[in-house]
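Shown here is one chain on its own, the form predicted alone, set out as structure tokens.
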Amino acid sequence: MKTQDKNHTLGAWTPESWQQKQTLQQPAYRHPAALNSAVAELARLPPIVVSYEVDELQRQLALAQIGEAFVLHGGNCAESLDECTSDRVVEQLKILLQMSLVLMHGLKKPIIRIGRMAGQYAKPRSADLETRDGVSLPSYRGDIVNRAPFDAVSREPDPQLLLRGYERAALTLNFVRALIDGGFADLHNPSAWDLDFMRHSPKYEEYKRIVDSISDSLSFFEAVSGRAVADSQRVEFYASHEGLHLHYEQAQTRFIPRRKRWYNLSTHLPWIGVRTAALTDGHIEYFRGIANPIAVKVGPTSDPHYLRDLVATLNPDGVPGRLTLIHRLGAAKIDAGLPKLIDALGPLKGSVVWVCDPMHGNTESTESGLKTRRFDNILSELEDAFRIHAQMGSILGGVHLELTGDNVTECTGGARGLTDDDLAQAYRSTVDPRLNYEQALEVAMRIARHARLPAS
């Protein structure tokens, strides 16, 4: 699959070549010299991840591509610099570990754990300006760009926030690594992952039965074999964020001589959102040249010609695990939309990792103006995704969720039956509504049960 556009040949690529393209969703900095200074300083700092980890993730994603592993990709819609605390990081890690345990038990295959964390600081916006009471200011674009309070000083894009974002990302991922290396993720002791408020959940007893079953199985095997189960004491955990702010991504892009390739070492798996995925734009230009496994969100407006050209541009050699397509369609549109996406690739449908994002196509607003997502719609889209992929001979390799380990009330429904009136109790997101710990665990249980159902 070779593209016909000479501008898409790797020979013309550099970490800065995206700047020659139209690039959407970039902040308008008042002082370019200050931006350049911050980018130069960021480029001198050590990388947050290393190429060995990136290559291993791609190897694992290649297994998900053929159905021999499953991707759990989840985390906050947008991280906050102020919430880079040990408690928040631990709670986020706990819910992802709990979900992966449930999925492993139900799917009977390895789970690839990828957190939307340690860099998820930039968010696309529908407009450059936000207006309140006749006053217009730059939109809040995430903590790596500007600040949320609605005043002129806070909303001014500040290049120094690139450095603060880098520092918080490094602190977050280093803490996660220390927890895992110290035995926090040991499958022999999953009770350490319990969140303080989890025992009040209607789903707790079902989760406890799964934990007990896995613990008993490990103990039995190790007793009769006289050896520890491989990978039971330490799990792999990877970081991911939307590669939206290209100056930030460029600054952490390094050439690795032993591999003779360029890597984005700010994260393991950078991804592109629907709003910035035009083939001729700067984000595709940047992403096509890095060696990381990458992902792109696709939706109802992604036509067949675009999809084929996208795969040809970002994975011209068909490298397994290189390219993930995250489809976000909505419960009402998936039956019509997903078959078209799969059909568009024809014989190449197995050359990508297909992941379902059942969140973004199901966002709506309440009468009071709060954004929310209905839990039943999220489950409906996810279950339909499994069904459609199976019917069309392709493989759903994972799920992409916005979730938190906090006890928030941002999505309605779930085991506690949250309603629109309940949202105000603990609505904390400044951007998009997230599944709380209980709803996230219920999604994992539904996926696990799906694997035990006969094919329809």
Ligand code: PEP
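Residues carry their position along the shown sequence, with the first being 1. In this text the structure is predicted, and so the values were computed from the model without any measurement.
The form predicted together with the named molecule exists for this protein as well; it is not shown, and the discussion that follows is about that form.
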Quiz item: Using a 4.5 Å heavy atom cut-off, are M99, K203 and R446 all in contact with the named molecule in the model of the complex?
Solution: no
Quiz item: Any idea which of 266 to 274, 145 to 153, 99 to 107, 86 to 94 reaches within 4.5 Å of the named molecule in the model of the complex, heavy atoms considered?
Solution: 266 to 274
Practice problem: Using heavy atoms only and a 4.5 Å cut-off, determine which of E242, E249, E285, E381 is in contact with the named molecule in the model of the complex. | Solution: E242
Quiz item: Tell me, which of P157, P339, G330, P124 has a heavy atom within 4.5 angstroms of the named molecule in the model of the complex?
Solution: P124
Quiz item: R164: heavy atom within 4.5 Å of the named molecule in the model of the complex?
Solution: no
Quiz item: If you check in the model of the complex, is R116 within 4.5 Å of the named molecule, heavy atoms only?
Solution: yes
Quiz item: With the partner left out of view, is H360 within 4.5 angstroms of the named molecule in the model of the complex by any non-hydrogen atom?
Solution: yes
Quiz prompt | R322 within 4.5 Å of the named molecule in the model of the complex, heavy atoms | solution = no
Self-check item: Residues of 285 to 302 having any heavy atom within 4.5 Å of the named molecule in the model of the complex, listed in sequence order
Solution: K297
